[in-house]
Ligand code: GLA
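Form predicted alone, single chain, as structure tokens, below.
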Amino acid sequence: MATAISAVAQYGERNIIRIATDNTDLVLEVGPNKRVYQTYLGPRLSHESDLQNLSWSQHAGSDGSVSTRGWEAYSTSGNEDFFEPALGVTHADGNMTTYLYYVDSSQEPVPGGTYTRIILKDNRYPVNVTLNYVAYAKENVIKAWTEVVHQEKTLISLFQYASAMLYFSKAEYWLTEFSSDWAKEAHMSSQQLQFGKKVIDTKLGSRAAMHTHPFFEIGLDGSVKEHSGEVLMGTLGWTGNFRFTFEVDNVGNLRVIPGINPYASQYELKAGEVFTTPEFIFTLSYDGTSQGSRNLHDWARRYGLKDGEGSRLTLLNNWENTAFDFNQDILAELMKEAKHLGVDMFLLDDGWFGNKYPRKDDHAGLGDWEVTHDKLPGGVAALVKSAEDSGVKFGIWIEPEMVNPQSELYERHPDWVIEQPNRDTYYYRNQLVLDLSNPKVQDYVFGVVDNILTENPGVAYFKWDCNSPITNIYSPYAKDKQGQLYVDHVRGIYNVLKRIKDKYPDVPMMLCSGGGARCDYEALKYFTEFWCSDNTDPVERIYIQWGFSQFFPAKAMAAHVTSWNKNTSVKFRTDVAAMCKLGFDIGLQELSDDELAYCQQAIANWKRLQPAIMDGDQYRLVSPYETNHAAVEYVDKSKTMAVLFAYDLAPRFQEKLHAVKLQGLDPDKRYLVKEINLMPGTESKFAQNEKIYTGDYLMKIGLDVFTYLHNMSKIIELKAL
């Protein structure tokens, strides 16, 4: 194990802590008053000697208090700073002020980066706060989180507990946020931040990202741009309620405060107990969001995503084809279809469980995870066997955190359910949420997966759903500590997921939540991918996938070809899904012979091009938000293979069409340009098809891939010669 060394570098009487990637410096300083301040956050300084020229007090207000005010690295409630704090504590004696002073710090290498710890302590109360940072040098990503512990005689109460604080001093700030609803996930909109506070938060408990997602972008000194300008891109690893506070103060400085939403979550902390905040993961890009996304994608594949450097399974799901109406024989036939289609796996969705209350629709059965005997008399084992006989793997859908009132589980254990005892019950989607703050419930939920895999080790994949936010907010287990429910419930989910990963490390799982209402990097430590949206209309999906791609690599984003929007062709629907982790949710009987042959070839092409699409660098070239078209390119790390996805959405009559200039190629390499994913019997109308160009030409002149037609697509493969 590496030896930790002091994080403080001394320059005369100056004590400076440098948290650095290859491209970014976050510089903190221990002030003369022994408080820790941010002195710089921006492009990495080339000369270390320049660090001593930064001043901890240079950002103080104009009120004459320069000696006591600066940008405190983790500002606290009740101190002399009059703006939004990161930490709020009510001490055992009722005092609501906290002052944190430097005690010690250390740095040590960790895989891919450097881990910095800074220990702070209140000078009047036995409260310690540790600021934690890991800087990933090559990826230009920093993650930050905080730990709070105390030794007071009785409980202290945390009424605010952010993960970090960042400060900026620029002429202007522009926020891009990602609003959401069912079937309209990751909708991007921008606004300029002015004096005062802008807050983005959720209060939904479990399906917490239903209305907004836990990530944001801030343009510094200008609006957020794709290929130019300085931009902060940040995301929080937390599957529950979150809050981002952006506050512009009276002199035009911005503070960014990410963390758990403390709404209805005043946390009573016992002596010796460590309260750990979620990880805030961010990158500073100096070349727009495109570079920032590549930073985050590289980091995610290496450090943030389960099996991030592994391959992904193509699949056929039955939901859009059968819904709840299936039996063992029907599923066996669909598995043969999966093999014929050319995918790796058949995924059985909702509707396979419950006997006293069989799962015929969404009104009953949740919680009773045993096969419906008259529907599937051979059980899961027979389904696994049918899949093996067909030459594909078998995966299965579960929603283990939820319960229908019409279930044997609810009859046996109403005390396991989050439900108010003295009010009318409000049901979201006819279900309630199990109380994962209760260790017995955690054991039960772990057992759902454990029992299936113990009895059927051939199950190769889980789709883990979560369709309801927390309603009727009351925990029978928490009793008089209801303020801890939102936090302890999410921690309970992680306890279960960790146990599953520890016992079954190689089983991939899809994270689903009524679509894309769960999409954070803490959950993705346990999931190989997430379901972006139940909306599989390919036109809408271009926008949804564009939004999610700001923060997640393609291999983390599951996309399926379905029958949504039959006004579009099967080719267009497939070409949109192929931008991400490709799957199908369609009956082969719906396809003509040519459409089936096309899909088979498209799947083979996608598998062949995984080094670019799944593991390469992504370049968002033409935005659907700004034009009537869209284009996204993937380039493998060796720059020998690239794929261009080009879409005509709704071009206007005789509008001017521009060539698409590619990016990320080797300017000195020669590339064969070829259109792929063509329908059988059709020839490419792409004028530049099967011609050779240098990377320099393709990046400076580009390719003419757009047309005047609606809902058309081209997939262009580039192969270095």
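Since the structure is predicted, the reported quantities are computational estimates derived from the model, not experimental observations. All residue numbers refer to positions in the sequence shown, first residue = 1.
What comes next is about the form predicted in complex with the ligand, which is not displayed.
Remark: Phe530 does not count among the residues lining the ligand in the predicted complex, judged by a heavy atom distance of 4.5 Å or less. For Cys512, a non-hydrogen atom is located within 4.5 Å of the ligand in the predicted complex, even though that partner is not displayed.
Though the partner is left out of this view, Arg518 does not reach within 4.5 Å of the ligand in the predicted complex, counting heavy atoms only.
Put simply, Trp319 is close to the ligand in the predicted complex: some heavy atom of it is within 4.5 Å. Put simply, of Lys385, Arg429, Lys339, Lys637 only one has a heavy atom within 4.5 Å of the ligand in the predicted complex, and it is Arg429. Of the listed positions (Glu230, Asp534, Asp617, Glu247), a single one reaches within 4.5 angstroms of the ligand by any non-hydrogen atom in the predicted complex, namely Asp534. Contact annotation: the ligand lies within 4.5 Å of heavy atoms from the stretch 349 to 357 in the predicted complex, the single such stretch among 101 to 109, 349 to 357, 252 to 260, 160 to 168.
Heavy atoms closer than or equal to 4.5 Å to the ligand in the predicted complex belong, across 463 to 490, to the residues Lys463, Asp465, Asn467, ordered by sequence position.
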